[in-house]
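This document opens with one chain alone, in structure tokens, the form predicted on its own.
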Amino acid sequence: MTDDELIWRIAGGSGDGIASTSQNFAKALMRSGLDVFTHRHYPSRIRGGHTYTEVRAAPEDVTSRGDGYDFLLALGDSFARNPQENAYYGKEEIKPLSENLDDLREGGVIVYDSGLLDADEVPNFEQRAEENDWHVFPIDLRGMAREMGREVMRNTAGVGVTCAIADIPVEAIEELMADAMPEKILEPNVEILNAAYEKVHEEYDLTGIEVSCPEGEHEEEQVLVNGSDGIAYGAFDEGCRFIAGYPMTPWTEVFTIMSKNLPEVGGISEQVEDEIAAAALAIGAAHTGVKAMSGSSGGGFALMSEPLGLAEISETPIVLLEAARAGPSTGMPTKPEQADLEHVLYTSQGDSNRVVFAPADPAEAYDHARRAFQIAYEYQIPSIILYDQKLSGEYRNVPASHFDREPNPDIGKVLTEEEIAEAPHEPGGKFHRFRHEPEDGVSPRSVPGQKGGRFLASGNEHNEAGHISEDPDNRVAQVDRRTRKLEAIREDLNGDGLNVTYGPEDADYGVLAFGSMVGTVEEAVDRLNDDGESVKALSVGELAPYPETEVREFIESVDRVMVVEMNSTAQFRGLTQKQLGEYGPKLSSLLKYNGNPFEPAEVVEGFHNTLAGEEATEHQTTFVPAGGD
């Protein structure tokens, strides 16, 4: 336990308001001047089932969920489907208390709703509490809520109890409630919040409890956003005005945010019958000159393989999202994994070309989304944003000024009618849309309705006007031109700051990571350096075209490199070796694929195991030693 942070976990049943309560709690702490980070765990069931969310708060920047936690607020699962001990899912009603004890730190606090939970049903509860010096507060939160309003307000009562024990000013919660709640429910919620707060102070002795919330101060206004917010607002600010999709966890969050906001600016959101139709609709919209986006997760993105190829050969700009989750097939749809990397890089047929970005946090999600649209429309190529369930649902505070940027109406190389009139046409009048000679591979296009800009757009190989062509010379010219785009894009991306080095420049060892694992790796790097090691990290945010020069320089600057990723097949390490063609003996892997993301301590342990050449101690976490190229 540390004095400079609080990690608070609220547990209950799906549908009990765990996510909304934790989000509001995190926002209140952020407004009080602290940096916050949330981690969400939930089952893949519509309603009922154990769920929890953690809120980590500290005066300094927090980049991961941390290790373990300090404070458990167990509300009980009011939607538990089967309370029987021998039920398939076990005795669910007690899970918010029984399932959350393993990670609670020594000296931690447990507040449980004695109106729903009976600690006597938890094996060895008293013994474990005594052995770990836990401070236990059984409080009938449900009864209090029933007496003072509605049972659903037991969440507010729990927050009031938290404030009393962790020494959090209750006014911060009241202020947030006033902003978020209509008057008719605000008053009873404030009443029960204060009643719970006062009850604890009146009835319990809080001396000896070392769990408390630190104080902090921000130099500028902060906003609380998750990865889905970042991607959606980045797309919106970059001018995206069309989205089509089919709901699928966790991509649905971006779809929902865009669908809610697009109508306000005259944009369009379409929910369609499947992901093939969604991607095809977005391609159609982009063909007309609109900035368009679609996306899905796992198997839904697999259905987009065919339209992805159509966008590549027809050179239609489009942005697709792939919100990865544990697979294959439906797999574990609410659990994070990074095993869709190769799926995103290589799906579709033929010599396909696309750009792939992988943001690491909500702020980067915003940046990458804007960059994805810029590249897609400048180079007439699909851009894919690869993220995962972890980044999708984790909230962090970000300075509001990060999002204060100008919109970008540019849709790339689209000719004016005057320019079209001077451009080559075939004798029948069709515009040469797909010319062979552009050095950067980008042949300027027209959009429907422009005088003289008529051409054929199809999924077949075609000549310069779009007519189907199997002429060998034309085929080679078209493939080579489309491929040249990647060289130009790589040059364009160089130095744009989407690949980030962290730690001392002259470090002896390196850690490579991508996507949502980066924050955890950076915290681990800090701990290792504090312990006397010499380590730095490289976050690779551009996966295709691969930043070969940057990664090569990073690897050559250290003695050894550990590659951290959430899959069982070391896909990111494999990509690195494939792209660089060497360094196999210098690279090792730390892999995890049990449905839970790495904690910083596991990365630290993996680093020491790598140096010592030992096996990882956790069966879910695999250490793969260095191998040949």
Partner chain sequence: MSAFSAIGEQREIEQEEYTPGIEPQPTWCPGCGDFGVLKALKGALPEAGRTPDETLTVTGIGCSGKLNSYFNSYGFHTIHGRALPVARAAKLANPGLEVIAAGGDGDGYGIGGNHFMHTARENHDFTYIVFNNEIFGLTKGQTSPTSPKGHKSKTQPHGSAKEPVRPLSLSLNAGASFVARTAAVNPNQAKELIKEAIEHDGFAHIDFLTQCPTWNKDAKQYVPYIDVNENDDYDFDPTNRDEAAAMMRETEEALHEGEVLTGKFYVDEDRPSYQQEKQQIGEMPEEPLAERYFDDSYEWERSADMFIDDHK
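Not measured: the values here are computed from a predicted model. Numbering follows the first chain given and starts at 1.
What comes next is about the form predicted in complex with the partner chain, which does not appear here.
Contact with the partner chain in the predicted complex, judged by any heavy atom within 4.5 Å, is made by just one of C213, L116, V225, L72: V225.
I468 is the sole member of V152, I468, V479, L186 with a non-hydrogen atom lying within 4.5 angstroms of the partner chain in the predicted complex.
Heavy atoms of Y366 reach within 4.5 Å of the partner chain in the predicted complex, making it an interface residue. When the partner chain is considered in the predicted complex, Y233 lines it closely, a heavy atom lying within 4.5 Å.
Contact check for E270: a non-hydrogen atom falls within 4.5 Å of the partner chain in the predicted complex. Contact annotation for G108: none of its heavy atoms lies within 4.5 Å of the partner chain in the predicted complex.
Residues within 4.5 angstroms of the partner chain in the predicted complex, judged by any non-hydrogen atom, belong to 456 to 464 and to none of the other stretches in 545 to 553, 491 to 499, 456 to 464, 193 to 201.
Counting a residue when any of its non-hydrogen atoms is within 4.5 Å of the partner chain in the predicted complex, the hits in 267 to 298 run G267, I268, S269, E270, V272, E273, D274, I276, A277, A280, L281, I283, G284, A285, H287, T288, G289, V290, K291.
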